[in-house]
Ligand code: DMJ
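There is one chain below, alone, in structure tokens, taken in the form predicted alone.
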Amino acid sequence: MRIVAAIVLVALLAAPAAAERPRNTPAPPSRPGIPAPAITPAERAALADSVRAEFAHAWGAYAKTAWGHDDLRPVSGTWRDWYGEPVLMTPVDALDALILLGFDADADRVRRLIEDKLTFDRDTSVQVFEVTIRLLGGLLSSYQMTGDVKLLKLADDLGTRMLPAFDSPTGMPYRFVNLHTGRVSGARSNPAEVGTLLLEFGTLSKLTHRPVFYDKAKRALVELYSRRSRIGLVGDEIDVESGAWVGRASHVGGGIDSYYEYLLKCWRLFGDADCERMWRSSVAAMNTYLADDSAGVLWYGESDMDTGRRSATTFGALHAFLPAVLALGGDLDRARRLEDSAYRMWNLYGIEPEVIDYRTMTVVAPGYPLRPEIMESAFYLSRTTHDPRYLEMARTFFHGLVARCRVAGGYTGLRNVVTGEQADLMHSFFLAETLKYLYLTFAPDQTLDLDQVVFNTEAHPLRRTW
């Protein structure tokens, strides 16, 4: 499916700066498994306002305590920088959310910060995947929403400095590249880090008329796909120099997840027939060998990439992106059933753990770092089905966040969802993805038209303006 050229953004009512917005206290969620009355239009609007107010609380805390740094540490009232000196991870990642939610004064202040302080001419080795989805994606989406050519120039400079990462014998990128010297490192990578680059580099290519960006990122994706097993699965670790698989466990969780996402989304954004072919083949193998419906409840577990034999029955917060992708690909039955399973996982402790064993429904990894994927899937299912149960799910997720993760200094993840022990970090994706998806779920559908925009894996909306 090709997408058309415009994004539909409805102008939001003028509002005070984010840090000045009051907190709205939400009503308690309904009990798991007990159907709630359909959310009325007035309740839906109130929920959108509540999410917006919580975004204001989180952003205001960052702006007060960690301004100009990469991440906020909300419990200790300090900050974290990724590479010794800041690359403005939270400001760049959150800019399009500030615009979309109507915090115009804050967005203008962030743009001035980026233009005055952000430079990529630094002797620093950065992780190609994370910098691509957060910084490159954020600069591109914000450029498309504002027309500010300085943002595009920064994106062009960043993309150019990352090109040496693709100079491996296979064309699959190294994990790290020095932005000043071009020196690369990290030959052992994974499908997510190899295959989650084409949306951003492809968009940069179209906007700058430099084919090298599209060609390098697409070659990496094709080279990875060409090394799938006889039954169509990929493993969890690959050597980008030799092209040999180092890890042969196949699943849809972290390290592989967004590889599948980008096969579909690159077809949608660019109309790339190769991506369509690779998506259709890959999703068929995934549904055949990774889906686990043995107990009448749908999960996606882990299997050996060569035999398809089940090797683990684990599912977690990162796996919960898949209902969104299945829905976007038209498989609403599997999308609905898998989101129901993810919702069961969330309701085990009122907030989802990082990983569970779905056969025993016990926690394997108890942390929750404010991940967005389950909210993302509720958003897509709400938009594609118009079933009010996904608004109720989103309300449950929102209330869980407020109850368990809100602190005076912003929002923090949890080290353990069972005990409630808090961590001390507000990742940039909490603003860029988690709260953005919740807001868009409750906001009027016209706020953003899914037929005319494709989100990258960091929820940066990209549109076909070329």
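Residue numbers here begin at 1 and follow the sequence given. Computed from a predicted model, the values in this text were never measured in an experiment.
The same protein also has a form predicted in complex with this ligand, omitted here; what follows describes it.
In the predicted complex, this ligand sits within 4.5 Å of a heavy atom of F429. Taking non-hydrogen atoms only, V87 never approaches this ligand to within 4.5 angstroms in the predicted complex.
Proximity of M172 to this ligand in the predicted complex: non-hydrogen atoms within 4.5 Å are absent; the residue sits far from the partner.
In the predicted complex, none of the heavy atoms of H319 sits within 4.5 Å of a heavy atom of this ligand. Residue-level contacts in the predicted complex: of G301, G235, P372, G159, one residue has a heavy atom within 4.5 Å of this ligand, and it is P372. Here is the short version: of I133, M305, L154, L269, the single residue with a heavy atom within 4.5 Å of this ligand in the predicted complex is I133. Residues of 444 to 466 lying near this ligand in the predicted complex, listed in sequence order, are T457, E458, the criterion being any heavy atom within 4.5 Å.
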